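For reference, the chain that follows is the form predicted on its own, supplied as structure tokens.
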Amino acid sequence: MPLGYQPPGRVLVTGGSGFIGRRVVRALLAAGHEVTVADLRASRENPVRNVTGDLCDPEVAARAVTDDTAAIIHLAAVTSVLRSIDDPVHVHMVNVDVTARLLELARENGVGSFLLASTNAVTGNVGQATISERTVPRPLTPYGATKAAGEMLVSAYANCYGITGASLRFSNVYGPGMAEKDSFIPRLMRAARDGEGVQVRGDGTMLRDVVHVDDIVAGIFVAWRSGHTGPLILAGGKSVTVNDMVAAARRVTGRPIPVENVPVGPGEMPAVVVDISAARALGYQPTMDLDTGLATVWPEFDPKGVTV
């Protein structure tokens, strides 16, 4: 059995009622695990143990991590770059202090594995260079800095206390369940639904790696079951321009989606091109191309569609 892999047992998913978390919880239940969800909103999945509240509250965190917890998948975070610029102190509390508290609870309760949802934003602006796990972190924003700090905490607990700690650097995740999100792909879907346009920063040639949420869920399982420790990039492995995303959305929705070009804001990376060879070596294989993936998102927004 690979180091770090846990047979069916209790898994804590923080942020388990969120976009990615819901899919992770369903996959864990299907695999026979008992699941605890810690989130501001109770999970509707059945059966789960809900711990509803703010993980910044030490009592909430303490209720979430129990002595039968085999693994923690830590997804809860403030993920907005703009919010981190506007209120860096609050974002530090949520993204760093909570991570530190959960790691300490993991140590005290003998939790074997800790998987942190991180981001390639920890690397900062590398121009057109390809980002790998060896790229030196130089975050551009408080958001990226908080995730880099979380990665350092995971590394320290893995080295000092024997926890199998992985920091999973997600690229731009999209898929069903994004109706409440304000990232670019749901904005495209809302524009198509409402007959409106979208704002595109710069000339639309910025490169981004986009990855379907189901590929991310599969990657989380790959990292956990392999016992991987340290950073690991989980992404689509093929970058596209913002203009490519607009064109794909037009094809999938059949709507014109006009574009307004606006200035590039602070903290924007000109390109995100990533190397996923380390994840591939563990068995990770993204399966969803952009058009196919967007076709799973559009039904939630299309008035004639059916939620996936």
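Don't overthink the numbering: it's just position in the shown sequence, from 1. The structure presented is a predicted model; accordingly, all values stated were derived computationally and were not measured.
Just so you know, the form predicted in complex with a small molecule exists too; it's not on screen, but the next bit is about it.
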Query raised in the report: 54, 75 and 147: each with a heavy atom within 4.5 Å of the small molecule in the model of the complex?
Result: yes
Query raised in the report: Taking the small molecule in the model of the complex as the reference, which of 170, 157, 184, 221 has a non-hydrogen atom within 4.5 Å?
Result: 170
Query raised in the report: Among the candidate residues 191, 94, 200, 153, which is the single one with a non-hydrogen atom no more than 4.5 Å from the small molecule in the model of the complex?
Result: 94
Query raised in the report: Counting only non-hydrogen atoms, which stretch in 236-244, 256-264, 54-62, 273-281 is within 4.5 Å of the small molecule in the model of the complex?
Result: 54-62
Query raised in the report: With a 4.5 Å heavy atom cut-off, would you call residue 27 a contact of the small molecule in the model of the complex?
Result: no
Report task. Could you confirm whether residue 119 comes within 4.5 Å of the small molecule in the model of the complex, counting heavy atoms only? Result -> yes
Query raised in the report: Is residue 251 one of the residues lying within 4.5 Å of the small molecule in the model of the complex, judged by heavy atom distances?
Result: no
Report task. Verify the contact flag for residue 49: yes if a non-hydrogen atom of it lies within 4.5 Å of a non-hydrogen atom of the small molecule in the model of the complex, no if not. Result -> no
